[in-house]
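Presented as structure tokens, the chain that follows is alone, the form predicted alone.
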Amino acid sequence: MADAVTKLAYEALQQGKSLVGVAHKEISTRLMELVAPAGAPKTLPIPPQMLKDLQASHKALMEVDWQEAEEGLYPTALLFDAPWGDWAARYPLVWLDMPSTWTRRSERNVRDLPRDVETDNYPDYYLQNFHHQTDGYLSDHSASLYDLQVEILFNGTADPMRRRVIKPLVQGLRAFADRPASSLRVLDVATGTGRTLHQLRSALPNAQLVGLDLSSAYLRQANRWLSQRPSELPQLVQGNAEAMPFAEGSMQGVTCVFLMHELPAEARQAVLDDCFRVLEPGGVLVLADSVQLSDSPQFEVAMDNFRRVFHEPYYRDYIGDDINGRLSAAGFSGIRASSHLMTRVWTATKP
């Protein structure tokens, strides 16, 4: 009975988050279209069948999230874990930030970055306002709003989709079952504010976790948030995922969540190549990102609307890219993939 009540509470929570996300996006999208310049791309209407497919995929995601918690892959408490008070306090700031977002979209200004940014420290493709976001990824202000903005974007399903990397990662790490868990090193590439690291810590309480990100501002936010739980504080490192500051073969597991679609093709390959380099033979890479046209053609309109509303300069190329082929080119084997709502998860092994 307790499990049934807990599951109902989880389903009610997710439904509530979904309704809030849908309402917020509906209002903000309509307002954004009112101030959009002539010729700006408009969102396409959602076909009724696609809406049914999205609802079915959402239900399936919630079911697998619950089942994997029941299996003990991560504690059930993680399903309810979020900084609710912090997000409630920041929600008005999301709305206050929108006029500057609309202005950038109207002016088609995608290089509106803080003046004190040392541009030589970043690749050129990184120096822009992804999502039309204030300051791009280069300020504490941006980092403070990011998690809440992503939750709204995904209608409250961001963490359930992130958690889909846990099972293949845990399964892949069984290749090192003869070693103490405390000796295993798992790297989260493009860790941002540390939400994926937090999910991983619940599943791997004894492993050494490392987070790498190019943005010092986002790493500061990750440190502020994760330091509230001192027992789980990982090592946080600033660096470019194309050439990571780690020794060859120094990691047994690597995760990478929601990065690939924000990279040009050559950088995408370079990141996968370096993930291969830092893994020990037998190690596992788990990659999660947007679904693509080849695996989820039924969601083509949703993918198209995403790039119409947000500044995502490499997304169109990404959704047609051959990630399996790129993983093979990097040297990986045992490549397999599955889709969960709007997220595609790849698992690959270093021979």
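All residue numbers refer to positions in the sequence shown, first residue = 1. For clarity, every value in this text was computed on a predicted model and none was experimentally measured.
Form predicted together with a small molecule: not shown, discussed below.
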Answer for Glu262 alone: is it within 4.5 Å of the small molecule in the model of the complex, judged on heavy atom distances? yes
Contact of Ala190 with the small molecule in the model of the complex (heavy atom, 4.5 Å): yes
Distance check, Val257 to the small molecule in the model of the complex, heavy atom within 4.5 Å: yes
Quick one: does Leu184 come within 4.5 Å of the small molecule in the model of the complex, counting heavy atoms only? no
Of the candidate stretches 74 to 82, 170 to 178, 112 to 120, 236 to 244, the one with residues having heavy atoms within 4.5 Å of the small molecule in the model of the complex is 236 to 244
Looking at the small molecule in the model of the complex, is some heavy atom of each of Leu44, Phe299 and Phe310 within 4.5 Å of it? no
Work out which of Leu214, Leu145, Val278, Leu226 lies within 4.5 Å of the small molecule in the model of the complex, going by heavy atoms. Leu214
